[in-house]
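This document opens with one chain alone, in structure tokens, the form predicted alone.
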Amino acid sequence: MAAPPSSTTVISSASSLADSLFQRSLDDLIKSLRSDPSSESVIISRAISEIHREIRSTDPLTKSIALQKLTYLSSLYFTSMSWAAFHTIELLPSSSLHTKRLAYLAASLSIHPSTTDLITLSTHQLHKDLTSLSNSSSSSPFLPSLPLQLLSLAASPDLSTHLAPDLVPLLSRPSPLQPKAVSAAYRVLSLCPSTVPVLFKPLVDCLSSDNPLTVSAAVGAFCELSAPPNDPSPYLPLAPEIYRVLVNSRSNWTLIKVLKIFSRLVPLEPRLGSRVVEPICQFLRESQAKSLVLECVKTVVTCLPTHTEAIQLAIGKIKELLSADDDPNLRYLGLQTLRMLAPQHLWALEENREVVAQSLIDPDRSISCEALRLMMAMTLQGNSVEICTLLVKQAAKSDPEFANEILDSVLTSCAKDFYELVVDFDWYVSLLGEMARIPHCMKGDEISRQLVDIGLRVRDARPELVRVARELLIDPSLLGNHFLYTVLSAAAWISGEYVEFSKDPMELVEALLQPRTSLLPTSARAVYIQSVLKVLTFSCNSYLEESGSAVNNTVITRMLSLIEMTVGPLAESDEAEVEDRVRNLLGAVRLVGNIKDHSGDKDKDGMIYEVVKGMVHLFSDEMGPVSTNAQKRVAVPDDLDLKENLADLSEFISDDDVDNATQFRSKDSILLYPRNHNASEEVELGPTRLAESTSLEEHRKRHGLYYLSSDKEARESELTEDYPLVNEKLLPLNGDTARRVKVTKPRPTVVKLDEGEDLKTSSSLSNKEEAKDDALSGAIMDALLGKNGEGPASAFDASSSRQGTSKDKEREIKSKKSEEGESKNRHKGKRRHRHRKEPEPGVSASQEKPVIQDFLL
């Protein structure tokens, strides 16, 4: 007699029956969402709660309806489905094709990198569905398309390893499923390189299929497999097959992918360019598809720069794109491809300069930014004045964001390689002043840095610098722009440092002490006051020497009165730095206060002469630039071991010393204040701590080489060194056909301390970047060359037998012994190669042997 059903089973059955009877269908959910759009979030939240309950039902129909509603919400409202991944796998074995399709679709949406471990539970079911055509004649012929779609979207490495053999029959048999099998094979290969021996040969055979969809899918797979950062060199033996697709295919999208592949292979094997240039030129002449023409132009520009006919056709097509007034997308693409010509074909940019300049005012921001990059790409030493002046004028008319982009581009290009593009520094300094006056200018930090840097490096530009600084200082409207505080600070420093080039020192003092300077921050006001001190010193010295300058007794009297009246109230300033500079300035005014009564007799006014000469001596040393690599040029002593020497300090200083020292306080103790002025904590070192300083003195004696000199004069002599003047030759610039402006005066000397700091070496530009030797590339290379004693694949006999791998060459170079052993084995097994010379170290495999010799010849 059968046992009665348990209460739990009865309750579960009753719950499933209730869910089935009262479950809302997908149509009901859609109707509720459309009937009340204002309550959409509430309806979705309630539906998700229902789905959470219904999807746990044991009834397959109830579970499938819940999964159908969840798939709809995920597709339209981006609701997360990751939590339902296991429930989707439960429905994969369903005998109903409708339910199975729904389960596969939901699995592709719910399974992602965080849930790929669950998909291994469905390995057997996927294998069963993939082989359903061969195992059962009654199954649907399109059933394998469901697991193929899932593999191409949500495969995992383990699943790829187990199911790779099941893809081979689908790849080899012509059928409507073959394109999907190609997509799944690409996914499997990219995830699991160990499947290359199984799938790569059938995938290559798909390139010669009669089905255009299959060929297109195979080309797309190889296009993705060879894309960066993967190494495209293993696909060189496939060039004949891909070239056949290039000639015979009539699908624009397939041709675009083929051109992308050749754009990666031609730099590796330049002889390929002579074969593909003819079909590409034919496409440029005859094709009406803009997408295909654009890809042909990119291929010619990047890979075929030496083929004149192709370059001329490409430039003609670029001009057509630039003239497409009705389509801004084509204009943008035209500008983008034109910029690719910049390194080697600057004449093409010069021919289209007017069109590019007109694009600067385009309302489309992407077009105007691309035009700006093009203008900077065509900037040379001969046309820098014309282009930069045009751009600065355009910045004054543009909106704030684009105006600052223009200013940033001009500043960056002109300052590159120590102002290599600048010949006339007077013009450039004046241009910097114009940039500072542009409304909404936010590049004050860079403008101020370059103003000071030019003053330090270029002596001949200092008179113009003082003139520009004067114009900035006397303009009171600039004092209200907080973005220009650094520019005004730099202008004040220049006015004081190079005051000897000023025509009216009194005007400078008035500009530096005008009332609106109270708007400046503390750091800028301190520079202003220090510059006043420099101007006063220069004026007093000029007055005493009677050098014929504009400084006379009246000017000196006015200057001293103005300083006392304006700067005097600042002596009680809350800012310590300002107060310090003000007291120094007022002290100097008191010292030279009697200069107004100067009689011209040095014996009688000797005191004044000594004071003024002493002040002049304070600012007599010329400041120069400091090399950013100065510290690196200091030779490190051979016996210097920082780790060991610093470890010795633990014998004299410990963490407990500071704690113990704070316990002792006396009237003769020393207080050490932290750098932060707002901090109220004090660390007091008492007599006990002072007694321990003798240990530090002993350490100083032992390691005196690494300590700064205690003598102030000796330390100053170490730190003050004259900087060398270096007159570097200009680097040669390309683009002889570009328009040049006649230079009326020689380029001044630029102090250049950091040789090669911002310059790129020629070797880094000429040598190709080595691609990474990843596992997939190595596996494909082994499959093409027939490693492990299997011999080359039949489709690649002609090319593979004449090609060596880079890995073997590296092993030969690393060990001479292993090289001799490999050479012996090679001579025993391959007698026909004995007439070839061994490759020299450092020569790449592509240079030693032709990769696809028969195809190229």
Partner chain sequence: MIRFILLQNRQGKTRLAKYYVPLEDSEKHKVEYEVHRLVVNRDPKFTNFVEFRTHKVIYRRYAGLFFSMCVDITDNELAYLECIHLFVEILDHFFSNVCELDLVFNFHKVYLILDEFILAGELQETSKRAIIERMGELEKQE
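Since the structure is predicted, the reported quantities are computational estimates derived from the model, not experimental observations. Positions refer to the first chain, counted from 1.
Not pictured, yet referred to below: the form predicted in complex with its partner chain.
Does its partner chain come within 4.5 Å of a heavy atom in each of R101, P179 and S366 in the model of the complex?
Verified in the model of the complex; spot residues all in contact, yes.
Heavy atom within 4.5 Å of its partner chain in the model of the complex - the one residue of P439, P141, P521, P174 that qualifies
Comparing distances to its partner chain in the model of the complex, the residue within 4.5 Å is P141.
From the list V198, V466, I242, L294, which entry has a heavy atom within 4.5 Å of its partner chain in the model of the complex?
That would be L294.
Answer with yes or no whether V636 is in contact with its partner chain in the model of the complex, where contact means some heavy atom within 4.5 Å.
Contact with its partner chain, no.
Can you work out whether S39 and its partner chain are in contact in the model of the complex, taking contact to mean some heavy atom pair no more than 4.5 Å apart?
Taking the distances in the model of the complex, the answer for S39 is no, it never comes within 4.5 Å of its partner chain.
Heavy atom to heavy atom, is A491 within 4.5 Å of its partner chain in the model of the complex?
Contact with its partner chain, no.
Please determine whether F78 contacts its partner chain in the model of the complex, using a 4.5 Å cut-off between heavy atoms.
Flag for F78 set to yes.
Would you mind picking out the stretch of 104-112, 342-350, 265-273, 388-396 that comes within 4.5 angstroms of its partner chain in the model of the complex, counting non-hydrogen atoms?
Going through the listed ranges, the match is 104-112.
Can you tell me which bits of 52-75 touch its partner chain in the model of the complex, meaning any heavy atom within 4.5 Å?
Residues within 4.5 Å: Q68, T71, Y72, S75.
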